[in-house]
Ligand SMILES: Cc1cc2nc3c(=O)[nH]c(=O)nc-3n(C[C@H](O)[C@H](O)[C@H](O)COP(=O)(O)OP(=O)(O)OC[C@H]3O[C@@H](n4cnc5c(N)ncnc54)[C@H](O)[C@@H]3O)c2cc1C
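Take a look at this one chain, the form predicted on its own, written out in structure tokens.
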Amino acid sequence: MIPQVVWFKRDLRLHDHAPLTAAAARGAVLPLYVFEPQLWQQADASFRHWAFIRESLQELDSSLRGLGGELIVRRGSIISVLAQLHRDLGRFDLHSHEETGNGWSYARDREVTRWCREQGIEWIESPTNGVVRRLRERDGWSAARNVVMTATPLPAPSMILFAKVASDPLPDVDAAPFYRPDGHVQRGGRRDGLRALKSFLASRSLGYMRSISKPGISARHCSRLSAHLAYGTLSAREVDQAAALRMQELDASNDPSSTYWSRQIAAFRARLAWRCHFVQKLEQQPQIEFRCMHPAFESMRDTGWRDDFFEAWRQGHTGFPLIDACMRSLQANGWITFRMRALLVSFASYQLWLDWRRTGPVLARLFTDYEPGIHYSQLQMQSGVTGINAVRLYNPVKQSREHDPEGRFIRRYVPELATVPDEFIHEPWQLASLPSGYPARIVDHEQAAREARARMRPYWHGDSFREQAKAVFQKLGSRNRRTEQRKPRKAASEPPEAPQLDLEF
């Protein structure tokens, strides 16, 4: 009987796990997690990610022990680990989910493909999260995704025959040279994911859409499932189907609020679909981690970079209260709602003219729920380098007044402004003197926005801009009804590909 190695990557669960189900049907299973030091040395790696993953692995191991096995942990490069297993076990089959990760993991998986081919090892990869590998074009993707998402989730195996090999200890939480922010780390593990899903569908989702853009209260009314989806303690399919079932319950209810509530959950499900859409972009074009979707913008921010602006933005000391509160909140909690994430990127990209490739790793390390497919697509959208999306150049004062009108969120995370009167909380530079310890604003945001538009204008009107934008749209653009019914227009007035989305839930 050939041993069946199941390589757990971004799928830390037993439920709805196609590789595990397939392996258990073939023979003795060896559940494997590889702690890869090189992965944790990448610019986007963070203590928060490992802390969440480590808790999830501990729970996964406990679940496997309940079935009579254990999670086999090995430390080192995946090739060296597989080679050692090959020496210990002889020939084996390798099972895993397809992974849409960062550039490092993409190169790593190509090495694994070559190694398996050379050794005569069958590597069986299963699709995950509605992402379609080797998709030639986006036409028909949505239908393919829906087939996956409506299929019945696989139950966790009730019985597994385990292969036995020695395991390394699970590395400590401080096992690598992580970027380690202070503050809170969201709890990992499937149990916490299920609790969050249950409470969201049972009560918290009632305030979903009216709270989705508001810092502070959004932490309660958003699902907070993003990290669990990123690391696979829950599958996107089981979350979507649980939400669909809750909608059916509400639609059958006589509760006067049921129709409104059902619409909130429908909006959440739409964002689950957009999550798959954005991950699909990175799957089809891994280079978008490093290069602008539209090549015309590749060198646009090569000049004008200022290190002092970057440091002020990174530390939350720009002199713009909501910008600083968002960055400090993110440093403290590892999560803020999407609108505030978009605001941070927009302000950095336009008012400060910082390149998304420098700001992106900073945010990746801070987000507990860092998902490469969403991260790089959204960085490019919010910094205006896709060629197919509207320029989202936010006014930080307007956003502050709309989403934190009384300054409660600002005062919580920028205590220097605690005693500032309400009429000045969004524009403290209007005071006769700034509060002690709070910096002057580093730019005039309105003037900086005008300069950013002027800097971008020549790129929009280049000779081949429109043709290249069409090529980007054909490969990566949405095929929802709204975009299918219109061709890409000139970039200067390009309509949004999608509405503002809370892709981090």
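All residue numbers are counted from 1 along the displayed sequence. Remember, predicted model here, so these are calculated numbers, not experimental data.
Unshown form predicted together with this ligand; subsequent notes refer to it.
Contact check for residue 149: no non-hydrogen atom falls within 4.5 Å of this ligand in the model of the complex. With a 4.5 Å cutoff on heavy atoms, residue 78 does not count as touching this ligand in the model of the complex; it lies far away. Among residues of the shown chain, residue 271 is one whose heavy atoms approach this ligand to within 4.5 Å in the model of the complex.
The shortest heavy atom separation between residue 95 and this ligand in the model of the complex exceeds 4.5 Å. For this ligand in the model of the complex, the listed stretch (294-302, 423-431, 367-375, 402-410) containing residues with heavy atoms inside 4.5 Å is 367-375. Across the proposed site, 9, 14 and 128 without exception lack any heavy atom within 4.5 Å of this ligand in the model of the complex. 345 is the sole member of 72, 345, 197, 330 with a non-hydrogen atom lying within 4.5 angstroms of this ligand in the model of the complex. 336 is the sole member of 388, 414, 336, 282 with a non-hydrogen atom within 4.5 Å of this ligand in the model of the complex. Applying a 4.5 Å heavy atom cutoff to this ligand in the model of the complex picks out 278 as the lone residue from 278-313.
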